[in-house]
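The chain below stands alone, shown as structure tokens; this is the form predicted alone.
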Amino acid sequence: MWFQRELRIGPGDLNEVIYGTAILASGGGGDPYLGRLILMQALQKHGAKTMLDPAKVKDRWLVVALGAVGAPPIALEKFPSLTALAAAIATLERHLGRKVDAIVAAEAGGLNAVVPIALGLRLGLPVINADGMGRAFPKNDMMTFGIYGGRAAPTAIADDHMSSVIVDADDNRTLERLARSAVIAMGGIAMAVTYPMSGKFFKTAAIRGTLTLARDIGRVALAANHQKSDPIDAIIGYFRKQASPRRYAAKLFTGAVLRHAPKTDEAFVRGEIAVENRDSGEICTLEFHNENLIARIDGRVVALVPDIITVLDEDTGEALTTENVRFNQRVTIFGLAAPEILRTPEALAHVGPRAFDIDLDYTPIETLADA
């Protein structure tokens, strides 16, 4: 399949894009329901938007990454605000003394991958067909922009009352800690504009074509649903046969949710999901920190971060965020190889198992799942 870098998104593409971005997010990236509402309103008001091919970004441009930050469940009470995000951009522009030329999603996710599209429509800014994670991670310093040498500082953060702050620090991990304190003070969720970078640097570290990939995932899955065939099989077939580049994808486990134990602290949601196969008696457990990090079947590890572990509705194939899983729900645990840019030694130091205090070395999902 020709992998289209420049992509026009209109109302007819909405469901496909939301479906696909949620699957890529490994259980995080914000609630797809909220993302659908925000993008639907923006498309209805402003019309379709063409996503910019990353190769066409000018070297001299100022590019920023953006999205909602904080504990995902709080977003259902404090609705993510485009006005706050626009305020954060204005705050950063004043601080830097120049205008932003283009915006990009900080991560893939049913909310955070599409918020830049809606903001781009509102402000008339180019939105680049890329992101900084290829999935979702809980921390700002886990973006490829930081992994490969970029500075997150200065970062602008704004809340739904239009209060805003600039956070500066010498290193990205310190900035993440300070920014997290600001988000907690703002009620546990806020909007952030981060990694002000040149277009030249952006092109060295971005994960390209994210929105095209999401649209294609959604397209094959929704077509399968319409034809009354298995949408998860269709997604797996897409990654193994059509995606560019090909990626390992598989059903890791199928069963009913036995236990779901989330806990919100420090503007994160952490916990465990247990799924039981009532025919075999096997139990699959997932540990999550905003996103799913590790999958075990009766104690045997079958997938590890940064590879993508997403809980899908067994019938529709739609992704469930870690906060939206429900007791007794019939689900399939879906595994997907991470982009190669996340599998390098440099990346694994920031987003591998030990970065989440999991005392295991990274092993690719294609090795673990087929063992």
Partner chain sequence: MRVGVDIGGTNTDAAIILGNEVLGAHKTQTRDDFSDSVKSAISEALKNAQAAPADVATVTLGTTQFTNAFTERKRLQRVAILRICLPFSRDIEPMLDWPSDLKYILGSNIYMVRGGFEFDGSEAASLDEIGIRNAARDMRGRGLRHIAVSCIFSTINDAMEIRAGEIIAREIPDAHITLSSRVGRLNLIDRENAALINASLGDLGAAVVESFADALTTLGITAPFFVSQNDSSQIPPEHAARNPVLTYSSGAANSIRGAAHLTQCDNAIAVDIGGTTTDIGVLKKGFPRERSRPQPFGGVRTNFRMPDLLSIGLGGGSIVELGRNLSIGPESVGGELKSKALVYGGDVLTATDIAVAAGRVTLGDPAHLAGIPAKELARADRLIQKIIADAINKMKTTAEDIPVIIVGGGRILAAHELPGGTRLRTPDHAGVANAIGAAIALLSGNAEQIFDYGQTDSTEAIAEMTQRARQQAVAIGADPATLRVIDVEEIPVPYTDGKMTLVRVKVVGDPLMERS
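Treat the numbers as computed from the prediction; the structure is a model and nothing was measured. Positions refer to the first chain, counted from 1.
Only in words, not in the display: the form predicted together with the partner chain, which the text now covers.
- The contact residue chosen from G237, P126, P73, G199 relative to the partner chain in the predicted complex is P73, the criterion being a non-hydrogen atom within 4.5 angstroms.
- Of the residues D315, E340, E346, D59, just one reaches the partner chain in the predicted complex with a heavy atom at 4.5 Å or closer; this is D315.
- The candidate spot formed by R36, V69 and S81 is fully in contact with the partner chain in the predicted complex: every one of the three has a heavy atom within 4.5 Å.
- Looking at 42-50, 22-30, 304-312, 59-67, the stretch with residues near the partner chain in the predicted complex, meaning non-hydrogen atoms within 4.5 angstroms, turns out to be 42-50.
- Interface membership of D101, defined by any non-hydrogen atom within 4.5 Å of the partner chain in the predicted complex, is ruled out.
- The partner chain is not drawn, but in the predicted complex it has a heavy atom within 4.5 Å of R180.
- Although the partner is absent here, P138 lies within 4.5 Å of the partner chain in the predicted complex, judged by heavy atoms.
- The partner chain in the predicted complex is not approached by A205, whose heavy atoms all lie more than 4.5 angstroms from it.
- Taking the partner chain as positioned in the predicted complex, the residues of 166-201 that bring a heavy atom within 4.5 Å of it are, in sequence order, R180, V183, I184, G187, G188.
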